[in-house]
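Here's a solo chain for you in structure tokens, the form predicted on its own.
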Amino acid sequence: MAVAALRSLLSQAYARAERRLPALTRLKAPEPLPIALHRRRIYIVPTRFGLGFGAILATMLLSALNYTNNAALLLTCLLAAAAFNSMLLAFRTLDGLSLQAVRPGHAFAGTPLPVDLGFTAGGRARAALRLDGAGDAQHFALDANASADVRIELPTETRGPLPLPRLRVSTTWPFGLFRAWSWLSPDTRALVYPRPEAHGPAAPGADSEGERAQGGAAGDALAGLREYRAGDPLKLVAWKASARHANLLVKEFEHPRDRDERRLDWHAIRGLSHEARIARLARWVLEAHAASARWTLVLPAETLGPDAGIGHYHRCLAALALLP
């Protein structure tokens, strides 16, 4: 009975705290976007400079009262009023700020992962904002009714989904006497690609080194020109033809099917561990994409391709990253 009564009291206390202080009980869980800051989730404390300034004001107040110095008393009251107003301005700098979008980039395991955070200011300007994540702090400011992207870089160690850490946005504007801050926990996951193998054998069906360097083998016929797409090698750009058009044009060659199409087969790799196979396939995908070749990626549960281009490149690396 006593244990049940204690549990009931604790659950009631938790529910009461959640109603009165939602920022303390709910902000550790991931939140859907957009995330808007309001008065129930903004904290304010004096900085060390603010505490020292408060001690000086207290000394000035005691001295002015002790010596009945009206001028010193007036100065103390004016400085105290300015300090209290700076606390209000620090709160208003965060109140109404909104995180609208989170756009994770791409990275291989062991390299920093860039993440772009899209903030909107609302109806007032935001000055001297600071964003703290897993890496270095980023400073930014927003004009009224404006938006901006803030980029952070997250450290990565292993492949696979990477949840975003809890972020802190803060400000000490205008005088550095008070620090106002709030927590952001966006419900977004990034994907870390597997670290490719440093050295190893070439993929089955890979072109020669000279052909990979030129983007087409000797004797390949020029099939035509097309508009440049993101990920196309610059060595294939037809610069003279592009000078006469508004967009860049890229050369396309007619490759023999048995030479420019590669089969990257999981089952064909022998004598390697599970992660070593993934690393080798990741390197083969990078080499095939760099050579502008078509390739098929055969995995234990699915087959991707044959295809080429930046979209196929990211689909293959994502499939490798999500392998058990």
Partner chain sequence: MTPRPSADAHLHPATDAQRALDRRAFDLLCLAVAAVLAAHVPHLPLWLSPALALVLAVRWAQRRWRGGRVPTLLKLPLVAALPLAILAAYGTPFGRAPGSALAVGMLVLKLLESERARDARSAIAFGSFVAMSALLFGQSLPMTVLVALALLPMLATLQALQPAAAMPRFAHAFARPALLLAASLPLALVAFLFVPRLSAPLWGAPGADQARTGISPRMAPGDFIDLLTDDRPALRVAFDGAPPPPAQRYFRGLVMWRFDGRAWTATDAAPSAAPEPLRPQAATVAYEVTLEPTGRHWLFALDTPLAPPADATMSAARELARARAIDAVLHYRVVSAPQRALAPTLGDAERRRGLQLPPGFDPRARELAEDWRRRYGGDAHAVAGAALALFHDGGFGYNLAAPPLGRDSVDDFLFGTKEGFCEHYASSFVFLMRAAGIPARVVTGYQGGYWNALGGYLLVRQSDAHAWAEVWLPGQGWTRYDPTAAVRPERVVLGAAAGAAGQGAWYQADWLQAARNRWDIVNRLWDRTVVGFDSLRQRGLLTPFGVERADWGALAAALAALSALVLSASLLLALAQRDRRDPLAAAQARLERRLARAGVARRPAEGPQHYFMRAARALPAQRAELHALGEAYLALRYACAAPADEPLRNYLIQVRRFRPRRVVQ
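Positions refer to the first chain, counted from 1. On a predicted model such as this, the values are computed, not experimentally measured, just so you know.
Form predicted together with the partner chain: not shown, discussed below.
In the predicted complex, the partner chain lies within 4.5 Å of some heavy atom of Ser86. The closest non-hydrogen atom of Asp116 lies beyond 4.5 Å of the partner chain in the predicted complex. A residue is said to contact a partner when one of its heavy atoms sits within 4.5 Å of a partner heavy atom; Tyr43 fails this definition for the partner chain in the predicted complex, lying far away. Contact annotation for Ser273: none of its heavy atoms lies within 4.5 Å of the partner chain in the predicted complex. Residues with any non-hydrogen atom within 4.5 angstroms of the partner chain in the predicted complex fall in just one of 102-110, 195-203, 116-124, 242-250: 116-124. In terms of contact with the partner chain in the predicted complex, the residue from Ile269, Leu33, Met60, Val298 that brings a heavy atom within 4.5 Å is Met60. For the options Cys77, Leu191, Ala134, Ala238, the one in contact with the partner chain in the predicted complex, meaning a heavy atom within 4.5 Å, is Cys77. Residues of 155-174 that come within 4.5 Å of the partner chain in the predicted complex, judged by any heavy atom, are Thr172, Trp173, Pro174 in sequence order.
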